[in-house]
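In structure tokens, one chain follows: the form predicted on its own.
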Amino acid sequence: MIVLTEWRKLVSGAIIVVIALAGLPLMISAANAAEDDVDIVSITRGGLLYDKWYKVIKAPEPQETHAAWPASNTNKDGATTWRCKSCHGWDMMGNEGAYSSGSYLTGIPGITSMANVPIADIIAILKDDTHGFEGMMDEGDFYDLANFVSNGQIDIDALIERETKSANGDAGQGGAYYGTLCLNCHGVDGDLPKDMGTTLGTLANSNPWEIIQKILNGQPGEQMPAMRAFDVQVSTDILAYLQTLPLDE
């Protein structure tokens, strides 16, 4: 039996969100939730789709390299080139952000200009000839992904120092969050599960923009709690703590 602990937070006068602890997924009844609460769930799911949409909807991985992937980048091919984050970045800044160099360099712009754009307009872009997602997801998926793009972007440079990659959070407070929310799955040293291939300390220091998105939205296909329903400072504090964990040897 799933045991849920109700965490209450006052947001715009509404009491919100039931979060499943101990590695269980976020569970919420849309029929009984306030409109704002459902929107948070939609945005969070959209963040997972932005990360790896085919994993979320249990679709076969695309085998062919995306038609819009530039031929100048031979570092990536196949399914990786179909992930939104691969072109537009974890920081949403594309060729002006973390992907201005490195193995994901494509020259493709970010999506920060799409914040607060009508969801229908973003869905139309996702289905256009360039993006080519028509028929690959259902309408609910398109809505959630577009909702994330329009309403789920954060001021990431206010949370993570661009040059040093340091999180602007309280590592001590983050340790308390980690110890109650993350430790059971990721271990004291952040080296679990072993199939991560590297430690959380290494990931948090090398690509903090990816890690804060996963803290906010969860990991596609995994039973990982998402922190988006809470103030974004909670996620920033967790990231700050992760940056204190051991690095790969």
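Numbers for residues come from their place in the sequence shown, where the first is 1. It should be emphasised that the depicted structure is a prediction, and the values quoted were computed from it without experimental measurement.
What comes next is about the form predicted in complex with ligand HEC, which does not appear here.
By the criterion of a heavy atom within 4.5 Å, residue 214 is counted among the residues contacting ligand HEC in the predicted complex.
Although the partner is absent from this view, residue 125 contacts ligand HEC in the predicted complex, with a non-hydrogen atom inside 4.5 angstroms. Heavy atoms of residue 223 reach within 4.5 Å of ligand HEC in the predicted complex, making it an interface residue. Among heavy atoms of residue 50, some come within 4.5 Å of ligand HEC in the predicted complex. Heavy atoms closer than or equal to 4.5 Å to ligand HEC in the predicted complex belong, across 71-108, to the residues 81, 82, 83, 84, 87, 88, 108, ordered by sequence position.
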